[in-house]
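What follows is a single chain, given as structure tokens, in the form predicted on its own.
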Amino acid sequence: MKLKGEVAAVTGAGSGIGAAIAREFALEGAAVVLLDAKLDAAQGVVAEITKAGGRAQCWAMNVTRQAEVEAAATAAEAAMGPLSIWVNCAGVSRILPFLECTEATWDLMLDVNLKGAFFCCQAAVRRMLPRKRGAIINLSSQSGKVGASAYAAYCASKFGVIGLTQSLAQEFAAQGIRVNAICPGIVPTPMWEQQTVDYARKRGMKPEEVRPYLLSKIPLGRVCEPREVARMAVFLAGDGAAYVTGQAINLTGGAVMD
């Protein structure tokens, strides 16, 4: 087991990529702290993990509220032990033309995707510094590497996540804290499925034409599965990545190589 004895917090852990990471961490021996604004969803994943013999608990937490982040981190450590891994997976996304992007939509993207990561990274670093050991993993996106039309707010937030990752990696390397980002391409999650109609409108196609079109743009010819993101998170959290920090690793099937 690659993460035996570790305590890992995962935000956005009630569904999609966050849930996949929580499950995979548990399989690798970590005690998992699931943090999600939707407590019912997180409780369902906790039930799966504990039924399989893993150790997990969940707390309701809105990543855009610093007091909630700090309170959940404190409660989690009291219940589960010192946090050694923190994964920022909570996120929102919206495809819409730039001139239709309202201030409210812009603020939502930046608040959840970037400010939320900032608050959570602060909570993680505060708890890891006294032990001079820890791994933080931020979920960015291929849209944090290459801008896409009708995606301005999301791209801005995910480019920001990479900048945050690199800055923290520089600042805290000497204190034994590694910080990396994962940049997935298309991942079939509930969030992505909800955007299929918007993507079809953006490209002037029918919703059923979206998936074949996207596959045609990916050299490996398929989308990235949630568990593949989770396996990369396991690697970055474990000893095998002891010399890896400040990286933004693509999981795009070759669609993005920079």
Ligand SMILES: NC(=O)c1ccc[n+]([C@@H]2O[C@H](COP(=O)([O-])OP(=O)(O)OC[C@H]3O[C@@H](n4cnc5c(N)ncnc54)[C@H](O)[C@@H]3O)[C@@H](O)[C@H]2O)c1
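This one's a predicted model, so the numbers in the text were calculated from it and none came from an experiment. Each residue number is its position in the shown sequence, starting from 1.
Only in words, not in the display: the form predicted together with the named molecule, which the text now covers.
Val92 is the sole member of Ala79, Val146, Val92, Ala173 with a non-hydrogen atom within 4.5 Å of the named molecule in the predicted complex. Remark: Leu139 counts among the residues lining the named molecule in the predicted complex, judged by a heavy atom distance of 4.5 Å or less. Remark: Ala37 counts among the residues lining the named molecule in the predicted complex, judged by a heavy atom distance of 4.5 Å or less. Interface residue remark: Arg178 is not counted as part of the site for the named molecule in the predicted complex, having no heavy atom within 4.5 Å.
Contact between Gly160 and the named molecule in the predicted complex is not found at the 4.5 Å heavy atom cutoff. With the named molecule omitted here, the record of contacts in the predicted complex names 83 to 91 of 83 to 91, 122 to 130, 70 to 78, 99 to 107, defined by a heavy atom within 4.5 Å. Residues of 156 to 189 placing a heavy atom within 4.5 Å of the named molecule in the predicted complex, in sequence order: Lys158, Pro184, Gly185, Ile186, Val187, Thr189.
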